[in-house]
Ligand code: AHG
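One chain comes next, on its own, written as structure tokens: the form predicted on its own.
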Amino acid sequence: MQNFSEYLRSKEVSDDLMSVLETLEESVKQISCSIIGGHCCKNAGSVNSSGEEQIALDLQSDEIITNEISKNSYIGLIASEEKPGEERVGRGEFAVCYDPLDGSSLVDVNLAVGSIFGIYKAESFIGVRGDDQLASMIAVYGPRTTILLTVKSGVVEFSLNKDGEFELVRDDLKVESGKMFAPGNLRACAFREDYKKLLAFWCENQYTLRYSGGMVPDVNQIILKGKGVFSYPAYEETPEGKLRLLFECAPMALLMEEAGGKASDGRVRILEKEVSYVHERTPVFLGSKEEVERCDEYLG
């Protein structure tokens, strides 16, 4: 069974990119330990750059990643959902954007949460497109701690074993057709008749509802089950959508397309969207090609 580094070598990933990914892998291990410890679930009494309340674990996860990245000379630029803008941290060519703890509001009720990472070579995140990513990965902190990774050579899953190592457990994951849906932002149905009609289509055609309230576990499930769709449209109160293009949607879109699925904002491929400011938001529909095209048809 290959471990994380052995897999990267088998894919002939360059030494510098491999070092960056190993740094993020180590961050995930430390965040997993922090969550298991359960000492950081209280409200931190602060908000992040998007105006969302933070818990102590948000701040600790961000600190863990920042500290690990500071040890890697290949990384020169970072952007975190918990920070106001991009930050120059060194002279390295690589740029890492991340959501250190996606779905942190679920921690206190003991539901799965995760981390999201996108890796670029860039002097600034302004002007990049998701297509420019060299790799992306998500970590899920649930009954197991797992990683989904793409280095633009398909999507694979690693699981953290009892010895504290990530080992490859699933290779060449594919998303095809199947009746499963994870509908975010259902409050939009009060304002959008088109979203209400799409929801009715899913219900009338007996789709299986699988929605946790966390983007990472929901998209992770679609990729592992090999079917389904995750939706999060805009509406009057959030006309640009809620989820961040750079930190959440672009890394997820790369994983989904590498698994044979599709990612759209209703009109445009997520990976074609140029980042105009660090905390830019977007509507997003991720999943099997057939289901995302249905979202485009109903909501575009």
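When you see a residue number, it is the position in the sequence shown, counting from 1. Since the structure is predicted, the reported quantities are computational estimates derived from the model, not experimental observations.
There is also a form predicted in complex with the ligand; it is not shown, and the following applies to it.
- Contact annotation: residue 232 falls within 4.5 Å of the ligand in the predicted complex, judged by heavy atom distances.
- In the predicted complex, residue 105 approaches the ligand with a heavy atom inside 4.5 Å.
- Contact check for residue 84: every heavy atom lies farther than 4.5 Å from the ligand in the predicted complex.
- In the predicted complex, the ligand lies within 4.5 Å of some heavy atom of residue 214.
- Residue heavy atoms within 4.5 Å of the ligand in the predicted complex occur in exactly one stretch of 256-264, 271-279, 236-244, 64-72, and that stretch is 236-244.
- The partner is absent here; in the predicted complex, the one residue of 196, 187, 179, 121 having a heavy atom within 4.5 Å of the ligand is 187.
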